[in-house]
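Here are two versions of the same chain, shown separately as structure tokens and labelled structure 1 and structure 2.
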Structure 1
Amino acid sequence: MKIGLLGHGVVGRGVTEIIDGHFPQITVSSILVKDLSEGNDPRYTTDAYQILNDPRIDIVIECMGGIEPAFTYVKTALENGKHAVTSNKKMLSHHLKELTDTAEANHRSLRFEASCGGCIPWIHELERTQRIDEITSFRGIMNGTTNYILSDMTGSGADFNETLKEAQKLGYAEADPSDDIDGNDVAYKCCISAFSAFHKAVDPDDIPHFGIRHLKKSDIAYAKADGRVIKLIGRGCLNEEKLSVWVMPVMLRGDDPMCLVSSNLNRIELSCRTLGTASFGGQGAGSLPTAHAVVQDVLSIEDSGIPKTWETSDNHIETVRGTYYVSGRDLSLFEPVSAECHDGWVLTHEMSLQELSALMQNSHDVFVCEVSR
């Protein structure tokens, strides 16, 4: 089996390390890099079409990141009769429908285990569960960088920016870490999870996402005083055919198992009638854990299984209700919906996520966090 690899950064290097070291029957024959000075590997090329048009290549693995040209390359690979594996959640969440259709039209597999939850076989479990039952909801810690920051700030009172730098050094953070700390990365992962769990393609730009950019030590202290822990949680649920997907920090009750998830670890749960709730955990970011998921996809490509049907869906966040802690300098917009107002923070009445999103759109430098029941 011959592989063409697009991108040789944190994940791509992990992929060559695993395949070159463990699978003599699989050959990574060409590697697309931006610049030949990235290293002296004889497989390096700067011409993507040398890979995409090579009839000897069976599978194209895309680990470049970014929407373009990654999307065009993956689509072309499928159209040229190759199977495709990608770890690129941003590209995938914006083009799930088109790429799935292209794969199906060309009778090829498109696999993307590494795009959500690093090494956790999450997409696989979503698909496997549906052999028996319909999934009703999922929720999880799906971003290693922010969990690393939250764990350190909660555990040792570490400084936000210092911890973020550490996460960047360890290869957890995105090229632009705003995607991590503002919750976009989790929104992409929720979009892909919702597609796999419910067969509904929601536009990632319609997923409300609130991150931890404006989190302060005082917010953590507030949660601690109430026996709670703040985690960034992505969620999706299907209620009477209405899909809701959203991302926000949550002040979890201290006895919630999610509170114990530390460092770059992820933990994601799915729920359905017959099994109740099942949780899956592991390293959600980093070179080898993510590459492990990519290589698992390569190994399963022969029996990629369940045919996918999907429909587009609105995001029904008006059906999601919660109570929210909001902190920041100017909270005047939140006063009318507050149950408690204090200097620097408020607690809202129960309200819809849609109402909250509208208020957040007109607010600046505000940290918001759901207070779990």
Structure 2
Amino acid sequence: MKIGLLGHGVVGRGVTEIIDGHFPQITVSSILVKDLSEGNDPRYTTDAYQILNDPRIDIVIECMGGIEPAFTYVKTALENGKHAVTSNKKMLSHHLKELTDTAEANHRSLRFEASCGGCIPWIHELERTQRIDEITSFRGIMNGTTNYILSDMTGSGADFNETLKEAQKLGYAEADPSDDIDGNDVAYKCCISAFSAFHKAVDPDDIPHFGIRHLKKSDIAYAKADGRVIKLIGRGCLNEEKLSVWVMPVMLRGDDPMCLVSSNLNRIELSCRTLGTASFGGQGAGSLPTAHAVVQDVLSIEDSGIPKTWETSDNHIETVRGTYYVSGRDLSLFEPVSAECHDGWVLTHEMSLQELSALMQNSHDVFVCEVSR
């Protein structure tokens, strides 16, 4: 089995480290790089189509990141009769249905375990659970950067900017952490999770996502005083065929197992009738953990599974209700919906996520957090 690898950064190098010399039946025969000066490996090429059009290559692994040209390359690989494996959550969340349809039309496999949860076998477990039962919901800590920041702020009392800089120094946060701290990264993973759990493709732009950019020490103190812990949670549920997907910080009760997830670890749960709640945890990112998931997909590629049918779906956030803590300088828009109103923060009445989202569109520099029941 010959592999063409697109991208040789953090994840791509992990893939070659795991495969080279360890799996006699698998060979990484070509590697796409930006510049041949990256090394003297004879497998390096700067021409993607040298890989995509090579009839000897059975599987194309995409670890480039970004939407384009990654999407075009993966789609071309499938159209050219090759299986495809990708770790690219951003590209997948925008093109899941199209790529899945392309794979089915060409009788090839598209696998993406590494796109959601790093080394956690999350997509595998969603598919495995559905052999017996319908999944009703999922929730999870899906971003190591924000979990590190929240854990450190809760434990040390440091402020947000100080903790973010430390996360960047440790390699847990990018130089531009916007996708992480604004909740975009979790929204992409929720989109992929909903697709795998419910067979519904929701537009990632329709997923409300509230991050932690405006979190303050006083918000952490408020939660701790009430015996609660703030975590950034991604969720999805299917109720009478209505799909709801959203991302936001939650003030969890102290006895919630999610409160124990520290540092940059992830934890994701699924719920169904026969299992109740099943939880999966581990490293959600990193070179070798993510590459591990990629190689697992390669080893499973011969078993393409039962073909599935997909449909697009609206995001019914009007069905999601909660009580929300909002802090910031200007909270005038939230006063009409407040149950408690104090200097610098309000606690809302129970309201729909759709109502909250409408208020947030006209609010700036505020932090919003659901208060769990």
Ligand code: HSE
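Being a predicted model, the structure only gives us computed values, none of them experimental. For numbering, take structure 1's sequence and count from 1. Between two forms, the rigid core is the largest collection of C-alphas that superpose within 1.5 Å.
Shown first, as structure 1, is the form predicted together with the ligand.
When the rigid core is held fixed, the Cα atom of Asp206 travels less than 2 angstroms between the two structures. With the core held fixed, the Cα of Asp159 is displaced between the two structures by 2 Å or more.
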